[in-house]
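Before any questions on binding or motion, here is one chain by itself as structure tokens, the form predicted alone.
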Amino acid sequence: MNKNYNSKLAIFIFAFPTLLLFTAFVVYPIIPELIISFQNNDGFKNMGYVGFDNYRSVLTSATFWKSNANTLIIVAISTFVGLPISLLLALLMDRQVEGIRRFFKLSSVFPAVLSVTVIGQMWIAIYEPQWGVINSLLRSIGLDNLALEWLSDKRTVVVAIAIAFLWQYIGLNALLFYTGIKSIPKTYYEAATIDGASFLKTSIKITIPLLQDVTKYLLVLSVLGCMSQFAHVRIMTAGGPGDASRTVIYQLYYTAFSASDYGQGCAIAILFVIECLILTLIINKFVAREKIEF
């Protein structure tokens, strides 16, 4: 009994600083947002409590659900396209000689450390309808009908922004996968080599299963990063054309600061926190549930 008490006390003492910081910097800032979400508030003064009216207005707004759909498209592209490409790049990087591997490492980090403004301007130029790289290539091979106004067309604008976001972080994710690969003991690969296993079979049977913790970590980072997508949208399209490329965070920004409805903006913020918590719980529930030690 005394041993258990001492053990619980020790856990509390060691966890207390972290819990205190988490409460001060994560939980506490949400409380004022929650209170304002029940007010008619323009950002400067409270003009009365309105109950759940802000939430009712947000949840019946077609633009809010459109922004959610856009956000989920970006999340899906990042998860089902971006992470597999990053993993493939990491596997290829591990097979290269030291000089090429060093080049891969440097070029992987470079886009991630660039300012989002630079990235946004660069991709605006790439997507430019008249002289942009994509349309110029399409016209040069006779596919003029596929040369579109990528950022002005409602059918392509969200995917175009998602690709720009994906490009910026795909190398960094590959580097994190590569770090995970280097932590796997060499003995597994030596045994596989003796058994005559191919690169593909070694990757599927050994590398990918043992990367489950890294995969889970990157999945959470990628999903929450995409959910918070704002800067690329603001720079590349300002949510346009119309409201076609607004994400949830851009809709929050527009409602709170452009439409001066801070109460509804806070309601969107609270709903966004709930969405992120649900996605995180789903990932923790279904991804890498069994701990693999090696």
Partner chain sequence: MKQKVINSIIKITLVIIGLTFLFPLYWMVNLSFKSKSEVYDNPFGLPKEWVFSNYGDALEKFNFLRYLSNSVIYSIGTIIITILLGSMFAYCVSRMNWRFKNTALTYVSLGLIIPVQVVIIPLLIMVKNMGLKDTHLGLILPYSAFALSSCILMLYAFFRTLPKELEEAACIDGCNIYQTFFKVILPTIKPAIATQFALIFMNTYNEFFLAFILAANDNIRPLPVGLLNFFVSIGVSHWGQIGAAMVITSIPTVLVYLFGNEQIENALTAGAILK
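What you see is a predicted model, and the numbers here were worked out from it, not measured in a lab. Numbering follows the first chain given and starts at 1. Each form is matched to the other, and the largest set of C-alpha atoms that superpose within 1.5 Å is called the rigid core.
This protein has a second form, the form predicted together with the partner chain, left out of what is shown; the following refers to that one.
J.: Going by a heavy atom distance of 4.5 Å, is residue 104 a contact of the partner chain in the predicted complex?
T.: Residue 104 belongs to the contact set for the partner chain.
J.: How about residue 108: is it within 4.5 Å of the partner chain in the predicted complex, going by heavy atoms?
T.: Taking the distances in the predicted complex, the answer for residue 108 is yes, it comes within 4.5 Å of the partner chain.
J.: State yes or no: in the predicted complex, is some non-hydrogen atom of residue 262 no more than 4.5 angstroms from a non-hydrogen atom of the partner chain?
T.: Residue-level check for residue 262: yes, a contact with the partner chain.
J.: Can you check whether residue 243 is within 4.5 Å of the partner chain in the predicted complex, heavy atom basis?
T.: Close contact is absent here: in the predicted complex, residue 243 is far from the partner chain, nothing within 4.5 Å, heavy atoms only.
J.: Any chance 26, 256 and 272 all have a heavy atom within 4.5 Å of the partner chain in the predicted complex?
T.: Yes, the whole candidate spot contacts the partner chain.
J.: Of the residues 192, 160, 77, 214, which one places a heavy atom within 4.5 Å of the partner chain in the predicted complex?
T.: So the residue touching the partner chain in the predicted complex, by this definition, is 214.
J.: Which residue, 175, 181, 206, 83, has a heavy atom that falls within 4.5 Å of the partner chain in the predicted complex?
T.: The option sitting close enough to the partner is 175.
J.: Mind telling me which stretch in 138 to 146, 151 to 159, 68 to 76, 85 to 93 gets its heavy atoms within 4.5 Å of the partner chain in the predicted complex?
T.: Result for this chain: 85 to 93.
J.: Output the sequence-ordered list of residues from 232 to 254 with at least one heavy atom within 4.5 Å of the partner chain in the predicted complex.
T.: Sequence-ordered list: 234, 235, 249, 252, 253.
J.: Note yes or no: does the Cα of residue 27 move by 2 Å or more between this form and the one not shown after the core is superposed?
T.: Residue 27 C-alpha, core-superposed: shift of 2 Å or more.
J.: Relative to the superposed rigid core, does residue 15 relocate between this form and the one not shown - that is, does its Cα move 2 Å or more?
T.: Where the cores coincide, residue 15 still shows a C-alpha shift between this form and the one not shown that is 2 Å or more.
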